[in-house]
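What follows is a single chain, given as structure tokens, in the form predicted on its own.
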């Protein structure tokens, strides 16, 4: 089996046309997801995480966006690469579900309220595998059992409104995994759930990953979740990846001021409370229509100098498999 990563994103640039002008939502984003591993994509709301995932799935156009540059390569078990951005839409529809699938944050906006959950799982199986109605139904029951829904033979007839939030999210995972895709993209799948259910969903994804051998791109704003589930992490800020590397290395030795700020704000983290409050990052992310000329984090960074504001830094390797977009990374301390 090839050692090349299952998913490779290089120099991705995605834009949106708005009444106020073109917005560059994602710019120069590069990362890879190894086979059977999990990459956590983390950052504040509006950092470009979800747009990146929708670009990979070729769904960003439905929201008025377009991928202007970059490459997205998805590899099969034989190591052969699929150029996702060049596929005709008909072939891309086959790739979605069969080779990669996505779980969204709020299942009630993704599940069809007038179809039973069994029919929705079976539809995906019939579409990608050509199974008969009876075979697809039987597989739908097995998928519900696989994701831990009790009495799947009975629940397969239920409609989304009859299920709890945690069970609906399990159904979304069942639909996504029904065709055994090589890559699962999970976009904030636990944000709307309480802590107990969140832990169950994370355990479920880990267990299914071990059983099926899939790769996972896990998108979240929560570094605590990343520490629990991911092998590698890419930190996004204002449409760019500012730091990327192995989870253990990033948590032990963060080299971007933004990453340090995110870690300081984790409840129960190493920094603790200051004056009764969690530490915060001062200021706010730049307006996408009016970003600074140099480093995009410079207006909020306590280490910023004139050189930081003069030109945008490149994402450079500062240690084995550890990349940082900061010219002053050697001075960064926790």
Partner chain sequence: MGRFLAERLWSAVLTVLGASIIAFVVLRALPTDPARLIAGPFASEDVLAQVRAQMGLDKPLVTQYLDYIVNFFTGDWGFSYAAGKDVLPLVAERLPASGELALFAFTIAFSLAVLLTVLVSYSGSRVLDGLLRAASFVGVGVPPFWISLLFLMLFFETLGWFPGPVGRGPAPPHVITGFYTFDYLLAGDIRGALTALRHLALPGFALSLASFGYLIRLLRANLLDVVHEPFITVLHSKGVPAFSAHFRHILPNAFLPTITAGGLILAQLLGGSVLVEQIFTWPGIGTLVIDGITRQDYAVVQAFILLSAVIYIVVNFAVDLLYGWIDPRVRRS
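Quick caveat, the model's predicted, so the values are computed rather than measured. Residue numbers count along the first chain shown, from 1.
There is another form of the same protein, the form predicted together with its partner chain; it is not shown, and what comes next is about it.
Could you confirm whether residue 221 comes within 4.5 Å of its partner chain in the model of the complex, counting heavy atoms only? Because no heavy atom of residue 221 falls inside 4.5 Å of its partner chain in the model of the complex, the answer is no.
Is there any non-hydrogen atom of residue 67 lying within 4.5 Å of its partner chain in the model of the complex? Contact with its partner chain, no.
Do residue 249 and its partner chain come within 4.5 Å of each other in the model of the complex, heavy atoms counted? Because no heavy atom of residue 249 falls inside 4.5 Å of its partner chain in the model of the complex, the answer is no.
4.5 Å heavy atom contact, residue 123 and its partner chain in the model of the complex: Output for residue 123 is yes: heavy atoms within 4.5 Å of its partner chain.
Whether 262, 303 and 330 all lie within 4.5 angstroms of its partner chain in the model of the complex by heavy atom: Checked in the model of the complex: no contact with its partner chain for any of the three.
Candidate stretches 193-201, 240-248, 138-146, 153-161, one within 4.5 Å of its partner chain in the model of the complex by heavy atom: Contact-bearing stretch, as computed: 153-161.
Looking at 87, 212, 227, 127, which has any heavy atom no more than 4.5 Å from its partner chain in the model of the complex? For this set of options, the contacting one is 127.
May I ask you to choose, among 308, 39, 42, 54, the residue with a heavy atom within 4.5 Å of its partner chain in the model of the complex? By the 4.5 Å heavy-atom cutoff, the listed residue in contact is 54.
At 4.5 Å, heavy atom to heavy atom, what parts of 80-103 sit next to its partner chain in the model of the complex? List them in sequence order, or say none. Contacting residues: 93, 96, 97, 100, 102.
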